[in-house]
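Only one chain is included here, represented as structure tokens and corresponding to the form predicted alone.
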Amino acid sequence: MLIGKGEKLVMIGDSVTDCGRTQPVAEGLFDPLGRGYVTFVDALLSACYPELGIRVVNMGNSGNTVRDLQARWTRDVLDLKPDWLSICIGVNDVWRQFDIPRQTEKHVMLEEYAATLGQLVSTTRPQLKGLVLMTPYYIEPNRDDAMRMRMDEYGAAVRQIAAAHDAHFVDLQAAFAPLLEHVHSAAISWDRIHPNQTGHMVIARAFLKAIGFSWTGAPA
């Protein structure tokens, strides 16, 4: 497993990461990490690798775009001094182009998205032991759907940024594909963005696979 003993993992993103987490910094007592994949990641790391004492911090904020991440980056990432960082952003950057098409000032187009995310990654990567970049997604199997097509373009940008900066890449759109072969998207998410517990476990599983997680823990 790639994350080492006593290391801190900060997971930042939008509502999919937030999931009702404690503000301002989600770590500590009384279930602070919310109801989503961050809690699953923390629980599985704690259960399978108790000897490592890995710290997981949830810094997701509902409604965020990459612009919002940039505005709070110093406070919510750099000041926390993570060893590992996970970024999952882009859903709202795309979604606002479809649900409020006339409010163009709230649209984060692909060029801006890639440039902003790339800048955050390039300036932060040297301070980290490890970085995980997860794609935005749309829980829709039809690749010709307009929003799915746009989301795939943003996912491709994340892949390029990960390759350029020695980051672990997690394709969440691909992670949902096997599930969608057997169940309708409505059984996973009412709006095809905010998943139920099954969907959050898909995200957690994809993240954990990227960091070399094993159900049996560290080798004896």
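Numbers for residues come from their place in the sequence shown, where the first is 1. Please read these numbers as outputs of a predicted model, since none were measured by experiment.
Same protein, other form: the form predicted in complex with a further copy of the same chain, not shown, and the subject of what follows.
For the residues Ile100, Ala71, Ala115, Met109, the 4.5 Å heavy atom test against a further copy of the same chain in the model of the complex is passed only by Ile100. Taking non-hydrogen atoms only, Thr39 approaches a further copy of the same chain to within 4.5 angstroms in the model of the complex. At a distance threshold of 4.5 angstroms between non-hydrogen atoms, Ala164 is out of contact with a further copy of the same chain in the model of the complex.
Taking non-hydrogen atoms only, Met147 approaches a further copy of the same chain to within 4.5 angstroms in the model of the complex.
Using a 4.5 angstroms limit between non-hydrogen atoms, Asp152 is distant from a further copy of the same chain in the model of the complex. You can rule out all but one of 88-96, 128-136, 71-79, 115-123: in the model of the complex, only 88-96 has residues with a heavy atom within 4.5 Å of a further copy of the same chain. For the partner-free chain shown, Phe30, Asp31, Gly34, Arg35, Thr39, Phe40, Asp42, Ala43, Leu44, Ser46 of 30-46 come within 4.5 angstroms of a further copy of the same chain in the model of the complex, judged by any non-hydrogen atom.
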